[in-house]
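A lone chain, given as structure tokens: the form predicted on its own.
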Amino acid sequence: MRHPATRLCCLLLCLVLLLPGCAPAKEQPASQKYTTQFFGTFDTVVQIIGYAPDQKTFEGYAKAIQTRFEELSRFYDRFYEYEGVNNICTVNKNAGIAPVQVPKEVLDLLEFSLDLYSKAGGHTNIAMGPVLKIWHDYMALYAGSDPAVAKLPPMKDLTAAAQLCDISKVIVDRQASTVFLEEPGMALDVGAVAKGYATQLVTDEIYAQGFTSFIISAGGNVVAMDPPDDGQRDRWPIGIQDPFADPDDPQSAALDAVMVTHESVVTSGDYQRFYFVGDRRIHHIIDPVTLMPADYYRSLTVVCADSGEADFASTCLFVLPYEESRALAARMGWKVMWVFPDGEVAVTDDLLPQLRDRGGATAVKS
């Protein structure tokens, strides 16, 4: 049973939707709001919105954030190597050959992912690189193509690749700072967790440096820290995008908005990377059991304290039938919104009080 659920005509996770305040004007705060964005890391736009005493201070924080994102993007890249860096791509190239010494950030990400894999029941496998590469190649080949000629990968190829996805053969040696994939042909794909993990890592580091009232949005991964320093709001309102709406239409209404501080909001959906075979949408979130795109939901939003965990969770829950997905969310303490293919929406009880429309939440200070 879907509970609680609401039927909608049109349903939203915008990267970030900052709602206008509705409180009366108050004394001008010492800090001012600034915003910037950059592209080129994790194949997405990263947006920063925050409060600082002046633009120079804000730009200093923003530059530090961008520099760190660029470094982490190189570390976690599975497609390309970079001079002087051993990264995920380097590890994959040495599968079955030799352990690879990697930066601490790579060790941390892999151990984080392996730990969550175990705790969450094995539904998001970072060793699924061989299967996901096949899907990536087909996505690249048929994106924008005529659906009448587009094809699915042969199941025999996917099944053969799945034999190389044994996560127990990913060996992380913390003392030696190495990673080894024991079998030739194995490959890591950290796409289900790396962007969220990097966003949280950068957030924690810049917060410790004194930048405290801000949000960072990296694609569908949003982290909100201290409340907006505007004297009017005590939470950040983050919009949830309607997966049925035109993503290029700025007038598209939000499905809802979630009010957060010191939390992350992450969405997985079938509407960002996909192609069509006939009238069937073929998207990038692959069920590790069927080896096909999961079709239980149009989108799924997770709210929790850590962006890496929320990123991991959104993929993990997306590939499970609703009753299993909801049970796992309850066991792991994840606050979740599910949007179904028929337009129905379900929300966990603990998320409801933070939602503007369904729960009556507001960002305005009382």
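Quick caveat, the model's predicted, so the values are computed rather than measured. Counting begins at 1, following the sequence as shown.
The same protein also exists as the form predicted in complex with a small molecule; that form is not shown, yet it is the one meant from here on.
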ask   = Would Asp189 count as a contact of the small molecule in the predicted bound form, using a 4.5 angstroms cut-off between non-hydrogen atoms?
value = yes
key: Distance check, Ser314 to the small molecule in the predicted bound form, heavy atom within 4.5 Å   = yes
key: Non-hydrogen atom contact Gly219 with the small molecule in the predicted bound form at 4.5 angstroms   = yes
query = Is there any non-hydrogen atom of Pro288 lying within 4.5 Å of the small molecule in the predicted bound form?
reply = yes
note = Of Lys169, Arg281, Arg273, Lys93, the only residue with a heavy atom within 4.5 Å of the small molecule in the predicted bound form is Arg273
In the predicted bound form, the residue from Thr124, Gln200, Asn87, Ser73 that sits within 4.5 Å of the small molecule by heavy atoms = Thr124
request  = Quick one: find which of 265-273, 227-235, 95-103, 179-187 has residues within 4.5 Å of the small molecule in the predicted bound form by heavy atom distance.
outcome  = 265-273
